[in-house]
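Given as structure tokens, the chain that follows is alone and in the form predicted on its own.
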Amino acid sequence: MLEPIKVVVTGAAGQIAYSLLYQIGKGDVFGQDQPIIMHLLDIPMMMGVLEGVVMEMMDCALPLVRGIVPTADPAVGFADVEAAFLVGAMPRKEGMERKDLLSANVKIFKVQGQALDKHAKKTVKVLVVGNPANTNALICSKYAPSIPKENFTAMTRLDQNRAQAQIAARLSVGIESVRNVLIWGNHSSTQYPDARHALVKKGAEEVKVSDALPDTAWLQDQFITTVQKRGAAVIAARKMSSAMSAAKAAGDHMRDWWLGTSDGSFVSMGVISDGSYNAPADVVFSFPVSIKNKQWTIVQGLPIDDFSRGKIEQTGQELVEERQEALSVCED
């Protein structure tokens, strides 16, 4: 039997964590043979609620869960962790501008970066879910200089899952029949959901989605805007932000990072940009990546047309602006 690994989830008393903790504990993320010690971190005023979550985790009687550590102290929460789900952040409220959210949340991620730097394993895999996720991941990394930049990622898997589901529904096939749908850029309304490189299995053969669905108008318009605005549509309908789907995506992201992607398949992750595809460097940008031995690599050489180039440029510009703003907030 493998040695237990320590995994931290922040915002552990919140809605997303409520779905995520069960997936982790059940073995859906790190594998069916990997025991886990779960560190559940939240703010002091949430400790009562967290107590109830701990009771429920115990009552699930999950064989892989070897310990649960509820805490409001980052030094305890991040101690020796090998994987971190940074879910806790101030949610966007009605009437709030994205910029208001940014200034509140980058300060949280500055503190968490410092705590990771001091207490976590240097190999820790950090997934930022709390918004604005890309820029929060960048700030978190900046304040954890002893941990490689490559170990900080932002979640665009929810957008990828949304895009894959839209394509599968449009083609009347199962989700598992569609792969390599991409998300470029920021986890915001400027993101670029791209089906140009996607493949779909029709019967025994796999064909390009663009051949199976020769509807360029839909692919360049309604498909993109549906994915871009899906979060807002969920809030409008549910009166709360995406939780179950966000938790599933966080689990998917970390599972692929931990266990790897299959040959020829790639997934979307917000990672530190090296300038590939003319994206701005030194922002956390969503690229197609393949993963082996817990290391991601940006997939190179995908043909990019003028339409895609314009979209990548637009979302990159937003990330550069966010970076400036976030750095000035952190220096205040």
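All residue numbers are counted from 1 along the displayed sequence. Quick caveat, the model's predicted, so the values are computed rather than measured.
Missing here is the form predicted in complex with nicotinamide-adenine-dinucleotide; even so, the following discussion is about that form.
Ligand-free form, site status open: nicotinamide-adenine-dinucleotide, modelled in by superimposing site C-alphas onto its pose in the predicted complex, keeps every atom beyond 2.4 Å of backbone and C-beta atoms. Checking Q220, Q114, S241, S177 against nicotinamide-adenine-dinucleotide in the predicted complex, a heavy atom within 4.5 Å turns up for just one residue: S241.
Comment: nicotinamide-adenine-dinucleotide is not present in this chain, but in the predicted complex one of V209, A163, A144, V87 has a heavy atom within 4.5 Å of it, namely V87. If you check nicotinamide-adenine-dinucleotide in the predicted complex, you find no heavy atom from any of K6, M254 and I298 within 4.5 Å. The chain is drawn here without nicotinamide-adenine-dinucleotide; in the predicted complex, the stretch among 270-278, 301-309, 283-291, 35-43 whose residues come within 4.5 Å of it by any heavy atom is 35-43. nicotinamide-adenine-dinucleotide is not shown here, and in the predicted complex it never comes within 4.5 Å of any heavy atom of T153. The shortest heavy atom separation between V200 and nicotinamide-adenine-dinucleotide in the predicted complex exceeds 4.5 Å. For G316, no non-hydrogen atom is located within 4.5 Å of nicotinamide-adenine-dinucleotide in the predicted complex, even though that partner is not displayed.
Put simply, G25 is far from nicotinamide-adenine-dinucleotide in the predicted complex: not one heavy atom of it is within 4.5 Å. If you take 114-141 and check each residue for a heavy atom within 4.5 Å of nicotinamide-adenine-dinucleotide in the predicted complex, you get V129, G130, N131, A133, in sequence order.
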